[in-house]
Structures are given as structure tokens and as C-alpha cells.
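Only one chain is shown below, in C-alpha cells, and it's the form predicted alone.
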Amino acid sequence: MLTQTAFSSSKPKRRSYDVVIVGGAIMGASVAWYLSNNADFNGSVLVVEKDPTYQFTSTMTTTSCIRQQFSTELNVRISQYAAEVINNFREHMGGDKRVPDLSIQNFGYMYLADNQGFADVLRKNQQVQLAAGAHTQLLTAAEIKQQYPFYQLDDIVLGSINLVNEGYFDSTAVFDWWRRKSCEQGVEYVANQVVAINCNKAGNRVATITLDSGEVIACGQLVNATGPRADVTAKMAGIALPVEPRKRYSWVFTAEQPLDQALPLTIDPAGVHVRESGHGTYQAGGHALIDPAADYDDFTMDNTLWEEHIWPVLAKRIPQFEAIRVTSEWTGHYAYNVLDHNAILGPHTEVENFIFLNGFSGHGLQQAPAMGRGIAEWIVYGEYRSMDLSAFGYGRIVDNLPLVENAII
């Protein structure tokens, strides 16, 4: 359960901050933590979050999983760093004995290909992953059946799975402790909303922000960490951003006949995924076949999607899931980068102190450690030091040069 201790007020204590982070979910919290924990940074940090319950954030509607099966080496390495953080979380947080020991429940991701074209994609992706040090295995349908006899695989030609640092982790604990520790180290969180971003006369720097409560706050650097609303925030500064909210639906269910072994997070060719939740429960997810941009406040369920698409796919792939009972359901939003499904990171090409942390397209949770660290380094040093993240820069958006990540769920 999230603590509310981070929010001491709705109004800032100061009129000026070295860094203002707009959005206090996991990306904003990551930047705040890495800044506050950097010995070379002694500036002031304000985090502005409009909803301190975080109820509808992507952070709180996630599947809470991590994988290394990406199509680009940089994304593989980003998840490897996240795994290092998760598996050594107390040490990462300075050895604080209040911080829990965390680990990854390594049930892996199982990608299933039902045609040779997709099988070739899995083979190509595996080469990228192996070169980056991942442990991805390719399995024939017969090999999958031998290891996971509960699948129906008549239409499957190849599968891909990695059982090392790939599966479920307690993302709520990571999020909560980043917030707690950064506040203890001087970061200020306010429950408020940015309604205007005001640039200087030259138009090359953000000068101030205006809050919903009326305060005008000066800032040295502004970080856009507003998830699916990232384009709304960017527009306040006159900046175009190809990020939009896309609805993603989740269901938790129990099975009349639970599987007798752990279920990998299975990505079916029909566009449905399902994973182990433990104790005879499972979580499935998917989206409508027509997948338009959603309204920013639209979190209504599609009541026909489960009956007409999700459940039939589950029952066909895993016959034991013919008799199941849904126990909870919800809708979340992807912060979907329509250009290339990859992060947009770092400073704007013209408004030099407007910093992007946007467009993660469903894999932001697992990328938060590396991305927060990278943005903190950029703010402090003017460069990425631990991992070169410059490929995610806004310049590719301006030049329409996609850096495509094709392993999107």
C-alpha cells in the first residue's frame, strides 16, 4: 500500500526551485530519488502531482513485470539495470533496514509465434538479446509442450522465453521507497496541477510554471513526467509530442482447475497476455482490435471485450482456463509513442531546460531506474554518464527518424 506521507501540502514552500518535476508517479519519483541521492547535487526539487492517490496512473494499473526480450540492445540493457536495482534494492537505497529485500519472480515471458514471419522476428530479437547478455531461449512447439504441458500449441511454430531476471516484481515497494527516501532527503511533493508553463522572451527556456492554486513558481529545469498526459504538458510550452493515451484492460481471475506449475507471462499471437499471480490466480490483459487514442479521463471498461475476445483466446491456448471466474478488472493507459514505441528522453532541441521523460509505450515501469538515473545525471552533469541514452533524444522526433522497438505488448 502506498504511503501518503510524501504530500505535506498542496502549496509549495518556495517561489523558486532548481528542478520542477511535473508528474509524481514512478518516473517522476525515480528522477527525484536519483537527484536527492547524488552527492554532486545540492539543489531544490519540487514534484507536482495532481492526484496523490495515483489511482489512474500507469504506475498503479500495470502488470508489474520486467523483461529483457526487446528488439533493441539499449532496451535490453535498461532492463538489466532495473533487475540489478530490484534484486539489490535495500543496498540500492543505502542499506536502510526499513527498506524491504526484493527479488524478481522469474516465471519469464513466453512469446508464441504462429507463423514463420513472426518466428523470424523472435530469432532476430534473440540475437540482439544474447549479444547484450540475456538468456533468451528459442523453443519448438514440442519443446514448449514438454516443459509447459498445459498449452494447446497446434498452431505454434516457435516460442521465445527467458527465465533470468524476467517476471514479476513488487513495483509498489520500489515506487513507495523512492518517494519516502527522496522526501527525507529534501525533495518536496505537492498535490497540485501545473496549468501553464511560461517561457522567457527568447522562447528558449522555461522561466516559470503556474499552479492550479495560483502560485507562479520559477524553475531552473523542468521535467515532463506526466505519462499519458505528456503531450498536454508539452503543449503548454508550445512543444509538439507524439504521445497519446491508449486504453489497456486487465482482469484478475481464478481457475476451477489451477495450473500445477508457474505460468510464464504468455503473449499469445492473438494479442492477449496472461501471467501467474500466485495462489491459483492469474492476470490477463489486452486491448480492443481497434486501438485509438483515448480521452485522458476515460477509464471505463469495455464489457464485451472479455467475453468476445480475451476469454476465448485464453481458453483456446490453455484449456484449463475454460472454467474461470473474474475477481477484479480495471482499465489503464499506455503513454503511447506513436512514432516508434520508444522513450523520448532529455532536453528539447530549442527550449533547452524542458526535459522529456515520456512515451514509454507500456514498458516504462521496468525502465524507471535507468531513465530516472539518466535524467538526474543530465541535470547534474549535462550528460549521461552511467548509460548512454542519447538515442532517445527529441531530435529524432523533429527529424522523423524512428528508433523502432517492435517488442511491444
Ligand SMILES: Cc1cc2nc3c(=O)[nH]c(=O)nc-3n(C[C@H](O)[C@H](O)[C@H](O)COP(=O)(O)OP(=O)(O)OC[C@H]3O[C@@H](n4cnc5c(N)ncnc54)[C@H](O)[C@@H]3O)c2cc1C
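Don't overthink the numbering: it's just position in the shown sequence, from 1. The shown structure was predicted, so the numbers you read here are calculated from the model rather than taken from an experiment.
What comes next is about the form predicted in complex with this ligand, which is not displayed.
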item: Option from 36 to 44, 55 to 63, 338 to 346, 379 to 387 whose residues, in the predicted bound form, bring a heavy atom within 4.5 Å of this ligand; value: 55 to 63
item: Triple contact flag 92, 177 and 180 to this ligand in the predicted bound form, non-hydrogen atom at 4.5 angstroms; value: no
item: Close approach of residue 104 to this ligand in the predicted bound form, 4.5 Å, heavy atom; value: no
item: Distance check, residue 366 to this ligand in the predicted bound form, heavy atom within 4.5 Å; value: yes
item: Heavy atom of residue 20 within 4.5 Å of this ligand in the predicted bound form; value: no
item: Residue 250 within 4.5 Å of this ligand in the predicted bound form, heavy atoms; value: yes
item: Contact residue in the predicted bound form, from 270, 194, 294, 83 (heavy atom within 4.5 Å of this ligand); value: 194
item: Residues of stretch 104 to 128 in contact with this ligand in the predicted bound form (4.5 Å, non-hydrogen atom); value: 109
